[in-house]
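Given as structure tokens, the chain that follows is alone and in the form predicted alone.
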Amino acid sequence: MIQESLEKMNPYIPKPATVIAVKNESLETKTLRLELYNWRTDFVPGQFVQLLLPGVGEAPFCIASSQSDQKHIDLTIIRRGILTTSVHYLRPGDAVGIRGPFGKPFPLEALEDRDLLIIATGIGIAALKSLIIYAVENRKRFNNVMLLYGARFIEDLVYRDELKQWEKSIDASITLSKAPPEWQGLRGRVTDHLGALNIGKGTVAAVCGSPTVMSSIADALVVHGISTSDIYVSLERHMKCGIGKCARCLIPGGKHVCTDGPVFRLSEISAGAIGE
């Protein structure tokens, strides 16, 4: 009871979780399924957690699983540094620590009863996966739901099995900017295909990708008539504390990604905050 009370009072104390499955998404990307030990996440799509590896460190990752399952967390992680490389060596049965969930999520009530356009590039789809699942599981709460997902090479595509399932409920399109000759899908950048989508009045958009790509997508969506107040971007910055104390994730305008985001309306932030 004392330890439980301390965890509730102190957000720096990690909670225990166990790796129960590891899925290879691509050569450099894996999805971990974590089982939570005697606690529930109570997260909303768009939020993130701090993953702690004992003896290595911790880093933030967006939750990439269904909100309806609060006893498990999926984290999709691309290998880029010391901690993420260590993550790729984890196996079922390994213990990790979790802090969170943290951050401002997608405002689900503001998205429902409208056309929803979800645009992701590269590993950015991980930050939008829980929102995609929410839209699929609650399909009647939305009008038209469109997913436009782009990557450079076919090897970079993640969630291939899930994409096949999502296509049964929503309009999903995949485009490759470096497509091989045998590729049967769309070619080019995601911005090349916005004109073919049914973007009507009142469409709301959710976007995540690299900073430069997100900036160009946001500009293109405005050109296509979507208001900046109806465009939501999920930003990724180096977050350490997760609760707005260390200022590592401060962006132009004095906002902290970990507490004021990571989900922002485009009208809330400057273009520089996205593309920096």
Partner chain sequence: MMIRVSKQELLELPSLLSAMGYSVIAPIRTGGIVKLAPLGSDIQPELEYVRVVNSPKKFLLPDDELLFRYRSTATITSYGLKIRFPTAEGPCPVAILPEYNPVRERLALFGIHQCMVNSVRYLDTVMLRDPADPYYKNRRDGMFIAELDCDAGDEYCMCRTLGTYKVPAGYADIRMRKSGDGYLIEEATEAGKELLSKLKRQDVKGKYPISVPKMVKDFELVTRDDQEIDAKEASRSLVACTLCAACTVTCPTCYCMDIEDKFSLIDPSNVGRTRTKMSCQRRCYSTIAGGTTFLAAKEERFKWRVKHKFPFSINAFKLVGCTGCGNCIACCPAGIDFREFVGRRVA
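All of these numbers come straight from a predicted model, not from anything done at the bench. Residue numbers count along the first chain shown, from 1.
What follows is about the form predicted in complex with the partner chain, which we do not show.
> How about A95: is it within 4.5 Å of the partner chain in the model of the complex, going by heavy atoms?
Replying inline: Taking the distances in the model of the complex, the answer for A95 is yes, it comes within 4.5 Å of the partner chain.
> Is there a heavy atom of D230 no more than 4.5 Å from a heavy atom of the partner chain in the model of the complex?
Replying inline: Output for D230 is no: heavy atoms all beyond 4.5 Å of the partner chain.
>> So, A220 and the partner chain: in the model of the complex, are they within 4.5 Å at any heavy atom pair?
In response: No, A220 sits far enough from the partner chain in the model of the complex that none of its heavy atoms falls within 4.5 Å.
> Looking in the model of the complex, any heavy atom of G225 within 4.5 Å of the partner chain?
Replying inline: G225 lies outside the contact set for the partner chain.
>> Which residue, K201, R91, R160, K168, is the contact with the partner chain in the model of the complex, using a 4.5 Å heavy atom cutoff?
In response: Exactly one listed residue reaches within 4.5 Å, namely R91.
> Non-hydrogen atoms within 4.5 angstroms of the partner chain in the model of the complex: do P54, C246 and T259 all have one?
Replying inline: Spot residues vs the partner chain: full contact, yes.
>> Heavy atoms within 4.5 Å of the partner chain in the model of the complex: which stretch in 233 to 241, 40 to 48, 23 to 31, 64 to 72 meets that?
In response: Looking at the other structure, the answer is 233 to 241.
>> Only counting heavy atoms and a 4.5 Å limit, does any residue of 185 to 212 reach the partner chain in the model of the complex, and if so which ones?
In response: Read in sequence order, the lone residue that approaches the partner chain (within 4.5 Å, in the model of the complex) is P211.
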